[in-house]
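As structure tokens, one chain now follows by itself in the form predicted alone.
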Amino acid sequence: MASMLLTSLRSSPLTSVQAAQFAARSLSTSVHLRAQAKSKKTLAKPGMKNVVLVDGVRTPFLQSGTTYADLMPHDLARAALQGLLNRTGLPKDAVDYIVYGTVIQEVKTSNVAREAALGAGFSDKTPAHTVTMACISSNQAMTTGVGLIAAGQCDAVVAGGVEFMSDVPIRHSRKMRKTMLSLNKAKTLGARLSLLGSIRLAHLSPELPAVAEFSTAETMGHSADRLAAAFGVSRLEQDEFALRSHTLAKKAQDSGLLSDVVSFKVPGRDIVSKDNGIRPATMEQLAKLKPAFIKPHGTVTAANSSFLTDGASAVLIMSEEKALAMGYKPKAYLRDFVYVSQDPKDQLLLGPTYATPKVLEKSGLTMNDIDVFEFHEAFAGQIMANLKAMESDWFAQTYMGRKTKVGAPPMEKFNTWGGSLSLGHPFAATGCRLVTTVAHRLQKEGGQYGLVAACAAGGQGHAMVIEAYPQ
């Protein structure tokens, strides 16, 4: 696929006129057009419960190995849950169910949802389970909650996600593990000595976790580099987009727009109240960085990639009837959503391209109806490749079985408060951040519809339409 894309897209007008137009738009970091509230139809469906987002919070997202380094994942998840309780004033026994997402599991707390819920003081009668779906794990947690409410099983669900990259599990080699298990079962001293004598130096080599596809053995960064090359995304375009993300995030942080962040007193350390990965630089500084994955000719660098992040998020979702009965003013309706899967080799990071037209069709909307877009920024090259794919009739016809392209989001509506490149990306926590940000932007900008989209490992993806709650 890569060679076909490279040939076809480079020979099409997409990479000349349209790419130049996008490059110019992506530099407009200060342009912020206020979305005009339109008289649009509501997406409520007859006979179906309205599911609402009451509120959402997150801990500050910190670079791994910094202030959170001595904690455990459930500590961060607990902090997010307690922040949600404090923000909403929610009685702890009013929650029917808790669902949390995580990607790299701490073996001591494999069901981190339950451990965090108990630690946060929720009733021990409230069930909780943990889901995993790579970078869309908390999206899956939220939509699981939506399903429980829509089916009439629950009225109030807390969903969230947590990732802790400061202390990931590192295993002994398989040979060493087998020896240790056999040693535990050995019944005689002779058997134990024999097993100990079988240990070789190579057995002591640890197995380190890697952000790589099991099915292809390729790291995500390497895949992002190939994808960028296939769509003709230049190093300059990627650095420009990364700078845009950091610049907008810094502006949003300084303006107090990141109101979903709740302060967290780290035991033995200071209170943390803001993300620490937002670092606007200059194009000259970005240009000095060497390729991180495909050397020496790759275009993906540390600066135009999302960084390893610790953090947690949580949202309270309810049936509209229950929320109003409890005196809440919801922030948004959670409407239609889809999950998609593609080839994990050549289309690993194209989830937004495939999911966006599907969720729009399901909702009866078009791109022009959407006032706010929030896409997960795994890599600048991944975002740019998706935008070019969405603008390509050829790609839509050849790979998606569609007659025409869906079209790329206008940049003045796209990730205008920064994104994963700058705010950080705790794998399983990002989905809730995206949804909460859409709700807050719709309120701030006066829009009606928002769209969240994200890619995920395994060649999977997700998109959801969010409708502003009437003010």
Partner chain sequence: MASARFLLTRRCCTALKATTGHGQRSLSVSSAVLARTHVSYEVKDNVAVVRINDPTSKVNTLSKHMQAEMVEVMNEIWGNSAVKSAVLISRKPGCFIAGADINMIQACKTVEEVTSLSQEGQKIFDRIEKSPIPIVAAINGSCLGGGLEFAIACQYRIATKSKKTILGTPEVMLGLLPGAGGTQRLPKMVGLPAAFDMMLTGRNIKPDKAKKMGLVHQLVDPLGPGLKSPEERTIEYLEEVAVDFAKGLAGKKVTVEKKKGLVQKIQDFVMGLPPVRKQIYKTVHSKVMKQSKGLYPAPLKIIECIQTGVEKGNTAGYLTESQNFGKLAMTSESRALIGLYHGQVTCKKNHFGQPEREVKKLAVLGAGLMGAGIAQVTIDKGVATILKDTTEEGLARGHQQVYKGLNDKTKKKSLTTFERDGIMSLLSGQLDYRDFEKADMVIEAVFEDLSIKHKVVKEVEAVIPPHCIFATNTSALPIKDIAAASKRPEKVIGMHYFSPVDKMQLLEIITTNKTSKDTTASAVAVGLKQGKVIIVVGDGPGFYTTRCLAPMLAEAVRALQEGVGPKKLDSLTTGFGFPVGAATLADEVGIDVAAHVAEDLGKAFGTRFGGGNVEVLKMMVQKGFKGRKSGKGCYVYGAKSKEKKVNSGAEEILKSFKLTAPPAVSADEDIQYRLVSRFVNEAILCLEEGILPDPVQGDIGAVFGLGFPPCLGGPFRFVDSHGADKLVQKMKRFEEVYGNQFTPCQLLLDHAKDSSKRFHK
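Numbering follows the first chain given and starts at 1. The shown structure was predicted, so the numbers you read here are calculated from the model rather than taken from an experiment.
A second form of this protein, the form predicted in complex with the partner chain, is not displayed here; the remarks below concern that form.
Shown alone here, H297 lies within 4.5 Å of the partner chain in the predicted complex, counting heavy atoms only. In the predicted complex, the partner chain sits beyond 4.5 Å of every heavy atom of M326.
Using a 4.5 Å cutoff between non-hydrogen atoms, Q347 counts as a contact of the partner chain in the predicted complex. Within this chain, A229 lines the site of the partner chain in the predicted complex, having a heavy atom no more than 4.5 Å away. Listed stretches are 220-228, 106-114, 307-315, 128-136; the contact stretch with the partner chain in the predicted complex is 220-228, by a heavy atom cutoff of 4.5 Å. Though the partner chain is absent from this view, in the predicted complex it lies within 4.5 Å of a heavy atom of just one residue from S215, S341, Q285, T366, which is S215. Only one of R244, R335, K388, K331 comes within 4.5 Å of the partner chain in the predicted complex through a heavy atom, and that residue is K388.
Contact annotation for 376-397: residues with any non-hydrogen atom within 4.5 angstroms of the partner chain in the predicted complex are K388, S392, W394, F395, listed in sequence order.
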